[in-house]
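Next up: just one chain, as structure tokens, the form predicted on its own.
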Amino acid sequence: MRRALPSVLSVLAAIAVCFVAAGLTRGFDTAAEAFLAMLYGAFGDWPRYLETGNAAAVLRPLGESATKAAILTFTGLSVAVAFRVGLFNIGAQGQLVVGALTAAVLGAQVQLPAVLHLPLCLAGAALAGALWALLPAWLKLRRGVHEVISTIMLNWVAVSLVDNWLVTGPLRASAAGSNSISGTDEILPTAALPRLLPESSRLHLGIVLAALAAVVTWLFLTRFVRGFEWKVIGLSPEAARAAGVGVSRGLFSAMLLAGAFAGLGGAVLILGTEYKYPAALGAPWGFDGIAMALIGQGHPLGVLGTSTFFGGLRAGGTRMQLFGVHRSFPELMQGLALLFIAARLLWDRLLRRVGSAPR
């Protein structure tokens, strides 16, 4: 809990700063209504549900929040796993893009029963993301190329390759009559992530997969020998090598897993929300994963909690426009929280001083 406090305080400070900014520009009464609407849009309008009994007032916002939280969790895990071995994976966006395209192509072009089709699309996306992460890992170990440089460059390679050529060229959707369709062909129903509440919410299996991935990753990193080896590699590669730990193997394995998680994030986006690779993916989910990992302190469960919270704020942010507050305020809160978490030393000193104060 003490480790999580700097993150909690950073998020609260970011919310407070944004509320004051909205209050100074729109009035504090309007700002309070806008922020309350954002919370209702994120985690459900519970007063309305208690008053009317309409379950959709709660289930629909929760579904929208969960769809975003699942993608953020996978990209956050991608960055956090690389952190474990001392690597900074900036390439989650590119890995997500190639994973999303793979899921879209397999979902549209392969015909299988649902029990086989969906796992194939998920596995294909994970493999594509892992292979895209393999190149910077190889460059790091064999040529000494810093992974920050190589992964940033590969992000734009992936975006240019997919968005500017494949999706508009060889993999473009078949035209329906005289109408031109953007993006790739729609996936078959057998490839779609099943809805958990089909009639009242867009909540789908993706959030369950993301939560399961976070828990399994936490168990692996804290309860298994290989997870301990990764921690040693991250703390001191030289000490790990002297202790007989395979440093190269650990770095390769961690980057492959990081790429696989980012690819799964792309698959969840396509198979659960978009149902095809669109003309543009929209939000930079891969880059947002960096914020989720940093605010979550690199802990898989911290990433899950942070992604759930900010995924909810993003889902509810559109309601703020009704009160004249721009819907980008959740992204502003995320950025400020990231800025505040960078001052962890100040939080640690403050908490140490409070903890040592006489009762």
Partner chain sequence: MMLALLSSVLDAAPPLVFAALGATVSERAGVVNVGVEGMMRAGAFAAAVAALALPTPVGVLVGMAAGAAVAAVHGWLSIRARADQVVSGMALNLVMLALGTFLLEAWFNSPSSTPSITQLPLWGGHSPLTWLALALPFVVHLLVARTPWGLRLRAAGEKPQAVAAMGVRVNALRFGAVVLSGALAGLGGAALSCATLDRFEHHMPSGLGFMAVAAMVFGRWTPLGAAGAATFFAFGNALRISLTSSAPQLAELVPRGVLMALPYALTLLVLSVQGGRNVAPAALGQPYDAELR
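Bear in mind the structure is a predicted one, so any value in this text is a computation, not a measurement. Residue numbers count along the first chain shown, from 1.
Beyond what is shown, the protein has a form predicted in complex with the partner chain; the following relates to that form.
- Note on the interface: of 66 to 74, 287 to 295, 47 to 55, 303 to 311, the segment with non-hydrogen atoms within 4.5 angstroms of the partner chain in the model of the complex is 287 to 295.
- At a distance threshold of 4.5 angstroms between non-hydrogen atoms, I149 is in contact with the partner chain in the model of the complex.
- Interface membership of F88, defined by any non-hydrogen atom within 4.5 Å of the partner chain in the model of the complex, is confirmed.
- Although the partner is absent here, E331 lies within 4.5 Å of the partner chain in the model of the complex, judged by heavy atoms.
- With a 4.5 Å cutoff on heavy atoms, P198 does not count as touching the partner chain in the model of the complex; it lies far away.
- Not one of R2, V110 and L212 places a heavy atom within 4.5 Å of the partner chain in the model of the complex.
- A single residue from the set V245, V145, L120, L205 has any heavy atom within 4.5 angstroms of the partner chain in the model of the complex; that residue is V145.
- Think of it this way: in the model of the complex, the partner chain has a heavy atom of just one of L131, A173, M153, A114 within 4.5 Å, and the residue is M153.
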